[in-house]
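Next up: just one chain, as structure tokens, the form predicted on its own.
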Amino acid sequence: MNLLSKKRIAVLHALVPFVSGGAELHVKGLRDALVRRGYEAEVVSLPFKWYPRKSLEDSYLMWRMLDLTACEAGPIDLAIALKVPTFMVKHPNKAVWVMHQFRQAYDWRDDPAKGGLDLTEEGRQIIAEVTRMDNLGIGEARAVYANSRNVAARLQKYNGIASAPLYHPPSLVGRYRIGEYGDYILSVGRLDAAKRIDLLIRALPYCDSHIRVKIAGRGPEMTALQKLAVELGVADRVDLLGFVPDDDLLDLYANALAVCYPPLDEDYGYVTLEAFLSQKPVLTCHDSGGVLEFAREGENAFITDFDAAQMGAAFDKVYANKAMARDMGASGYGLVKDISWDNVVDELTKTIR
């Protein structure tokens, strides 16, 4: 495909300044995959601020006002929206691949810790506005996908919009490897309350004293996790590693005994795929959302209630039988090894091929 014949694709990203995580990896991965397939792809970003209410409304309006039908180089053939409020872009050939919506207006609406929008009159007005704008923007798309069945189910429940789940691989795909089955349980991810990483520390008093946990990631819960480990008398078995470079992270996955990933109602969750690509079993919870689309009890995972004693027992199971852990990891690998960016690109570019 020569330069003059290349199709141009705008990948739309709502950027939260000074925050980087799974969303940014998702956007970069898509853009890079499109370029590898011969498309001219560019990430178009605007900052996103959801508070106060006026800022949330303005964020939707800014995307609505953008003209992305053409650029100096010529027409933009496809716009791909991934995240609220990028759905609002007007484009004659718009595909929506829902990473997640503004969950405070949907499944978090009754949670006071998340703002409890449905508990006040102003909050209910915000819910109505966000729902109306999402229905408008997503409803204009020529194709609608979600990044997991969990996200697709939310979109159907709250907006009445059908979407097809479309899975993508983690950012280091092709580099994960199998190593030893050591004496530590690994946790990877931002240290946010919703990730419930405290469960790993709370589980340690209920399992073999030789089992350690290694926690890779930064975030607002770091101090609380350090304090919890001291209070429970397990600080000598907890390694809070902070930011870990990619090569070191690959080593941590390769040599872990298992990976514990117990978030609350996760949208998708790269960690599940990263664990399985490293041939490690996953330890998770019954309410962990998108994780459960891959985790299968007794086959590649142990799934418990959000309960320290139950999770500690799961730690013991994999520690006592490393051959079983190896078999479960291999089963997980077989389930996810064919998830690829090629399939994603095939789907999202149907309207320009």
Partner chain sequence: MRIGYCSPFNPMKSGISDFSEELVFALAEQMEVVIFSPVEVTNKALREKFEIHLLSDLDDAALRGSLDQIVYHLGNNADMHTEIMEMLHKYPGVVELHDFGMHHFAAEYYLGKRQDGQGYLDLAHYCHGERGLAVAQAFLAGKAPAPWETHPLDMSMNKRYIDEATGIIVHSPLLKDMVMACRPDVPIAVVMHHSADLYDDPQTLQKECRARLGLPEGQLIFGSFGFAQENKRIIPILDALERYRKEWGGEFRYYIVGKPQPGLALPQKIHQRGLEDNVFITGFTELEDFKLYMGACDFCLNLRYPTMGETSGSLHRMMGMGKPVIVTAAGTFCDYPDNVVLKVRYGEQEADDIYQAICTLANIPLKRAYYGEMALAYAQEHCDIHKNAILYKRFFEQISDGTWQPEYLDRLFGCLCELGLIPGQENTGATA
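Numbering follows the first chain given and starts at 1. Note that this is a predicted model, so its numbers are computed, not measured.
Although it is not shown, the form predicted in complex with its partner chain is what the next lines describe.
The closest heavy atom approach of D265 to its partner chain in the model of the complex falls outside 4.5 Å. Although the partner is absent here, E293 sits far enough away that none of its heavy atoms falls within 4.5 Å of its partner chain in the model of the complex. Residue contact with its partner chain in the model of the complex: A309 places no heavy atom within 4.5 Å of it. D316 falls outside the set of residues with a heavy atom inside 4.5 Å of its partner chain in the model of the complex. Note that among 300-308, 39-47, 22-30, 53-61, the stretch whose heavy atoms approach its partner chain to within 4.5 Å in the model of the complex is 53-61. Proximity of K195, V271 and E274 to its partner chain in the model of the complex is absent: no residue of the three has a non-hydrogen atom within 4.5 angstroms. E129 is the sole member of D118, D251, D183, E129 with a non-hydrogen atom lying within 4.5 angstroms of its partner chain in the model of the complex.
A heavy atom within 4.5 Å of its partner chain in the model of the complex is found for exactly one of A141, L78, L191, M133: M133. Counting a residue when any of its non-hydrogen atoms is within 4.5 Å of its partner chain in the model of the complex, the hits in 74-91 run M88, K90.
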